[in-house]
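Have a look below at one chain only, the form predicted alone, in structure tokens format.
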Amino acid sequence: MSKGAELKSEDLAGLFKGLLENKVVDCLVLPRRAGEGGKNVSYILVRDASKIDSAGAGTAAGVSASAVFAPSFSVNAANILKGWTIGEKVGLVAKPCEIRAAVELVKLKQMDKESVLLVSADCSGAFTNQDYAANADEIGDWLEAGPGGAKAEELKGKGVAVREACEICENRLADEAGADIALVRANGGDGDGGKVVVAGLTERGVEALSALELPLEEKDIERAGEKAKIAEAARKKRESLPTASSVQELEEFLRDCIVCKNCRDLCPVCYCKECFFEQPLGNPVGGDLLNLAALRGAVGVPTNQLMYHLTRVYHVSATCVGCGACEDACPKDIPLTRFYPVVTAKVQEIFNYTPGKEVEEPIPFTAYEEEELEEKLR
């Protein structure tokens, strides 16, 4: 049970205004509708509460439920706050995978825990921003609760599918991220659907809602049945994906990679200030490239294609939240969701670790215990 209140979806704008006006946060990062007809969904950082409205497009932040719950994915919003170690307090309103990434960044000291209020919204799965914008009228503001809904299947039959990263995601519900506040679609988004339960998940979250003088009461947002349905569908989808069982097959999978490093740059949990693949050994040019060719007789270009991805998947193996930003960023349309989230999920299973679920739970690689993996290796 959590302390919360039930609001009409049109009251969300007032909720976010209240966080600013009551100085709960100094600014907010939240989704808004933009572009012609408000069909694009992007993020905006707001300091002035008067810039928040309940409409859709325009320069203001249209933060009605149609923006907060819209099944569209542009960038992982945690990237916006990467390096937020300043004193000003920011509120982040985003999907569970984005909130989970922010939690991992807190653990990695890339974000100040005391300066961030995390607000997670239920996610029904998302389309790429391009697909959503092109089909916004047909997709609407929300897909049915859980996977396999009639609308999603109908759209898939027309070639407009939810991102593969979303199909294999087991943590779509707001309370499955380490957020302070959850925005829960009443009735799973079905039936009434116009109501939103706003629940405090942490002491900080409850204090924030109390400052707005909301009529808080005990709310049950557990939804065990829905979580089980989502997890089972994700497992089946993950098991259906093709796998690479040899180096040769992996090289073929990555054949078109141009090592542009977009997947690294858009990954919310990749944060090194100086990447190995920007240094001479990782990115040889000129004389260094010639020396490598002299050493080996010949060297493939772009260099370090396979090494780059193997190094990156190791780097994020514990902290990857499976948001799919890497695949969205790839100019060659390599289905990187079939590599990064799939491989890292296996590592996380070994350590019984779900990244971003609990802010106090240490990242496995920072809490090594001797012989802790003996059982797994037998």
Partner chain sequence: MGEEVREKEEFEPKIVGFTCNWCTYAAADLAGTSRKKYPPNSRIIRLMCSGRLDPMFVLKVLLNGADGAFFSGCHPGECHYIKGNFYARRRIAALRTILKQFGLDNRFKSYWISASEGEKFAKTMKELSEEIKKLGPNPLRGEIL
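Since this is a predicted model, take the numbers as computed values, not measurements. Numbering follows the first chain given and starts at 1.
Keep in mind that the form predicted together with the partner chain is not shown, yet the notes after this line are about it.
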**OP:** Pick the stretch from 132-140, 92-100, 205-213, 250-258 whose residues have a heavy atom within 4.5 Å of the partner chain in the model of the complex.
**Re:** 250-258
Original post:
Closest heavy atom of T311 to the partner chain in the model of the complex, within 4.5 Å or not?
Top reply: yes
**OP:** Answer yes if any heavy atom of V285 is within 4.5 Å of a heavy atom of the partner chain in the model of the complex; otherwise answer no.
**Re:** no
**OP:** Give a yes/no on whether F339 approaches the partner chain to within 4.5 Å in the model of the complex, heavy atoms considered.
**Re:** yes
Original post:
Is there a heavy atom of G18 no more than 4.5 Å from a heavy atom of the partner chain in the model of the complex?
Top reply: no
**OP:** Indicate whether the candidate residues G300, S317 and E374 are all in contact with the partner chain in the model of the complex, with contact defined as any heavy atom within 4.5 Å.
**Re:** yes
Subject >> Partner-contacting position among N262, S115, N291, T243 - heavy atom within 4.5 Å of the partner chain in the model of the complex >> reply: T243
Original post:
Taking the partner chain in the model of the complex, which residues along 1-33 bring a heavy atom to within 4.5 Å of it?
Top reply: none
